[in-house]
Structure formats: C-alpha cells, structure tokens
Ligand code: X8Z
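Single chain ahead, by itself, as structure tokens, in the form predicted alone.
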C-alpha cells in the first residue's frame, strides 16, 4: 500500500541531496568592471565564517518554525473548518516566506569553500522547497492560500448518488474494492472525479507561481528543482528511473496481459476487451494503482492458502488499536524501543462521525523528537493491517534520526522513507502470521503462486503508476504539457506506462489528476516508485543478514535483532550522508537495483508466461 509521510507543512518537505552547489546568479562578478569596482566586489564576497553563521541561524529558526507549522497542519487535517483552513494558510505563508528567504540567501554562499557537513546543509537550505513561492509577498500569500484550498477541496470531497447516499473517498474506495457491478463501479469512478473539477484553475495558477519561485532560486523551472534532489544531476536522475523501469517492465507486461484476460472472462468483450488498455474502473481501486482487490477474479485454481487475513483479524478480536499495537510489536521484535505513550494518546485511528478530516493515512513528527503520530481512518482489513506497518515505518525512521541536526532529520532520499515500512510489510508472511497467533498452519509451497500473485497485484501493478504521476507533473512544470492539455496528457501517460484507459470519454472540462491526493496535496510521487524498488532490495539484504536460506518471498525477519541492528544503522544516518552511502549500510551496495524485485517474483513470472501462452493471449496494448 502506498501512503504518504506527512511533510507538506514542514519546511524541509523534500530536500536536495547533492553536495555540489550551483550559484543562483554569478553574472555580476563576471561582468567587466573598473579595477576599483572589482576590488569592492572581492571585499564583500561572503566568507566561510559568514556562511556557517548563516547556516546555524537558519537551521535554528527553521527548527522552531517547523513545530508551529506541524501543529497548525495537524489541527487543520483533523478539524477541517474555515477557521482552521485560515490558520493553516497563515502558518503556511510564514513557512513559505522563511523558506524562500533562506533558500535565496543560501545561494549567495554557493561558492564558499565549506566542510562537507556545512556544504550539505547549505544545499538543503537552497533546495528544500516543494512549492517555492516568488519573492513578491503578495504572490507568496496567494500561493499559500491556493495550497490550502486545494487540500481542503480534496479532504471535504463527497459524491452523492441519486438515492441521496453521499460517500467520502474511503467509502467510495470500499465500493470500488468490493463491487463487481460495472455500472456501480463506473458511477463511483466518475463521481469521485467531480470533486476535482474546481481544482483546475487553482492548480494552473499554483504552477505559475511555483515556477516563478523556482526561477528566483536559479532553476529553469519546478521540474528541474524536484529532479535535483537525488544526489545526481536532474537529467541523470531521469535516466536512472528509465533504467529501473526497464528492469521491471517485462514482469509488469506479463501481469497486465494475464489480468486483462481474466477480467474479460468476468465482464465480457464489451466491458473488458482482450486487447488494448484495461478500463480503469475494473481493477478494484479508485485510481487503478493497485489491483489486489480483484484477486478473487484472477486467482489461480486451487491457490487459496486457506485463510483470509481480514477474517483472521475479526476472529481474533483485532480492533483498530490492537492492529497498531501488533505493528509496533514487529519493530520492537527487531530491537527498536516501543512507541511513546503520547503516540497512543494523540494519534487518530478511527474516522470521527462529527467532523471532516483528511482520512488519507499519514505519519507525523510534530516536535522533531518524540511526538510522533499517525493519522488514518483505519478499516479492519488485511490492507490496512499492512498500511499500519508502513506508517509506523515512517515513525520509527523519524525517531531513529532524532539526534541528527534539524537539517538532517529526514531520509537518505524520499524513497527511503516510503520503503522502510513496506520492507517490514514484506515480512508479513504466513510464518509471521503463525508466530503472532493469527494462523495455525503455514501453507505449503504449492500455494506460493497465489500469494505471489496477490502481492504482485499491489506491488508490481503499482510501479508504472508510481512513475507516471511525476512524469506528468514534471512535463506540466516545464511547460511541455500546457493547461489546455492537462487531462489528455494525463491519460496519454497512463496508457503509455500502465496500459490503462478511462472507462468513459474525458475532456479538458475534467481535471482527473486532482482526484489523486498527492496532486492537490503537492506531494512528490517518484518516492513511491523508488520505494517499490528499494523495499525488495532492503528485504533481500536483511534476509541474508538474518541467515534465511529459503526463497526470499517466504522470508520474515520478525524477531531477528541482527537484521534490526543493521537496519537501524541506516535509519540513524537520516539525511546526513548521500543516499548511496546509506544504502550500503543495509545492502553493501551503492546503487539501486531492481534485480531483487525480479528474484522475489521469479516463480510468478514463469507461471504468468505459461498462462498467457496457453491462452494464446496477445500481450501489450
């Protein structure tokens, strides 16, 4: 399950990781001037002591301001009203103004020769903005207001059916997961996207303002800024994504081909054709980003492992609190300290009946030390059991690096933060379920194909979706996609990467990207693609540390403190080192590699190809 760490309100939302620094504008120093003027410029050039003084002052002020911001955003997300929206916008404006000020000033010290630690901090200060506001105070205020409005439109969104039954996004998602009525699925799919239409002009203006802010910091546009945050040049990072996608694409194509064929058996040629893209409303998920909810339609014969985790949770009396407690137990079994009492007192586990909240699951660090929380409207399902492990992965990561300086209180890159909880979730194997008393017997290896297929419907099906969200945004930011093409370009990319199409005709009166939380929420999305690569790389390495000799898909590191110790060494580094160094702490390698994904799903790939060949399916779209 792909869920976001909440850092929208923190000053260091996403951060640049590269040590190399680029001057914002050094044209003045290169212009021919009289000797006396040149001397004056040299005399006023910032020195090392001034740069370090600036870094220390900015870091202290950012740390203080982040706490105010986190608290305002927490209140707004849990009590959505006009008043809390105004407070959130006001603090957001203050955060944005301070961040722009520090980023602009940091660029002045770009050519100062600093030690590696301060050089890294300086680069973070310059590049720590997701939505850099223009220097104009009025435009800064406008950008903060738009950001708050977009988040509110999503959080308050509901769709009302003809019978007067109004549903929130989680309720509509449940309908999409459970119904097999294509008419009902289509109405829910269309209905949720109605909430996004008012976002379109706000989003267009937001892009204009943020691009202006990015240029003020010396970037060509917001796309370049976002792609510069991965310890490599922006274009090199784009090539790295292409390389990783190329490794896993054949596995995705085999899965797509198989699922499309099975959906055709269920719905027929008119609704689910055997060739071309798959209609987006048939895959059990509001965004067709994960397909695990249609497992019952595509499961192999005799693949039933003999248990259902949702049913086991109910049978064993798991309520929302106990589900979180069990996820905590996984981390403590690895040697991590238990969560603080404040976590249990201050987190939100159940959707309130008396107010609007942002139900999208998220993990929070309010004071940069120990006040860690999660906020989610937990459903007592197998899916949310996994989601909780993911969210606590964020929290345990946050606490592991709490001793780092404020500017290093983050993950090695944003994909790392998303990967940690999912690495733990890969250990939610039948053997783990037996260890914690949910399952009596572990199914034999003959059931592995079914279990692997169920995982692939979530993990592998997600990969192209995880890639295309920011492919769309980066092209929007750079101007390659104009506002007149927003929706058409969105569906063009979904077809290119996912082999998915809209179930009904769409137009530029629609704004379907806005129906996905991370677009109005301004959360960069490439982190989720990276996380889906990294989690398998981490899992394979930790299983080797734990001494597991069996198939990697059967391994659980639950209870292995040697694996926990190795994991903690990486987590404690936070953002203090380039991500290849952090990666090496767990994997002994400095490069991301999707081979671990292929190793994990190797038995499934063989089986899928056999099924597609036997059915004479024409793969591709």
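Positions refer to the first chain, counted from 1. What you see is a predicted model, and the numbers here were worked out from it, not measured in a lab.
Missing here is the form predicted together with ligand X8Z; even so, the following discussion is about that form.
**Q** Just to confirm, residue 107 within 4.5 Å of ligand X8Z in the predicted complex by heavy atoms?
**A** Outside the cut-off, so no.
**Q** Given that ligand X8Z is not shown alongside this chain, does residue 333 nevertheless sit within 4.5 Å of it in the predicted complex, heavy atom to heavy atom?
**A** It does not: once ligand X8Z is placed as it appears in the predicted complex, residue 333 has no heavy atom within 4.5 Å of it.
**Q** Although the partner isn't part of this model, could you tell me whether residue 290 comes within 4.5 Å of ligand X8Z in the predicted complex, counting any heavy atom of the residue?
**A** Heavy-atom contact with ligand X8Z at 4.5 Å: present for residue 290.
**Q** Is there a heavy atom of residue 516 lying 4.5 Å or less from a heavy atom of ligand X8Z in the predicted complex?
**A** Yes - in the predicted complex, heavy atoms of residue 516 and ligand X8Z come within 4.5 Å of each other.
**Q** Which of 462, 192, 472, 401 has a heavy atom within 4.5 Å of ligand X8Z in the predicted complex?
**A** Checking each option against ligand X8Z in the predicted complex, the one that comes within 4.5 Å is 462.
**Q** With ligand X8Z left out of view, which of 103, 387, 214, 251 would have a heavy atom within 4.5 Å of it in the predicted complex?
**A** Result of the distance check: 387.
**Q** Of 358-366, 69-77, 157-165, 272-280, which is the one stretch near ligand X8Z in the predicted complex, taking non-hydrogen atoms within 4.5 angstroms as near?
**A** In short, 358-366.
**Q** Contact check in the predicted complex: 391, 525 and 528 versus ligand X8Z, with a cutoff of 4.5 Å between any heavy atoms. Do all three pass?
**A** Yes, the whole candidate spot contacts ligand X8Z.
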